[in-house]
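Form predicted on its own, single chain, as structure tokens, below.
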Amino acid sequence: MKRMDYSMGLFVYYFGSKKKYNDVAHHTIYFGEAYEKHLDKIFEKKILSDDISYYLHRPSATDPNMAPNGQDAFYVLVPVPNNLSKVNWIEEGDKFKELVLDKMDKTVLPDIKKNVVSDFYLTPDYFEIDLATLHGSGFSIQPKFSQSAYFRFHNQSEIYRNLYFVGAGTHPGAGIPGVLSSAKVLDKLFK
């Protein structure tokens, strides 16, 4: 486990808006000006960047019941360094939330800063402390070649016969489809 490279951390900001953004799709991806430099800051330098990229989710675009009448519901997911970075999220959390709001205000959600009605955010600390992910990584180990497919943690221990693994760090990989597939692999192993 010590020799593995771990995925990025996640800053996830949930918020409601008293303004409806009918022109914003259910899923939106926004890339910052220097995406490659942003990734270098996350994975190599392990520092926060002002030039963020983000994924914006607007569930109320397809299900109006996700927000009160005339309002909208969102979350935005921003890749950040995992906790190997030593970022102090208690000090940086509110500042980073303001950066995220500023970026969305200038790009996809004009006037969002004055229309937020309720909000909260999660940092890599939440992933590490509450969800027990190593280093607060959002997706366990990085999905690079040397940690993919056969090189990923196997679903059955090679040392202890009755020890099994399931989840984002195991075969086949992270994300909801990968984790569900991992569970299906275990289901077949037990039959």
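All residue numbers are counted from 1 along the displayed sequence. Given the structure is predicted, the values throughout are model-derived calculations rather than measurements.
Beyond what is shown, the protein has a form predicted in complex with a small molecule; the following relates to that form.
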Worksheet item: Taking the partner as it appears in the predicted complex, which of 33-41, 66-74, 127-135, 143-151 has residues with heavy atoms within 4.5 Å of the small molecule?
Response: 127-135
Worksheet item: So in the predicted complex, does Gly167 come within 4.5 Å of the small molecule, heavy atom to heavy atom?
Response: yes
Worksheet item: Applying a 4.5 Å heavy atom distance criterion, does Tyr54 contact the small molecule in the predicted complex?
Response: no
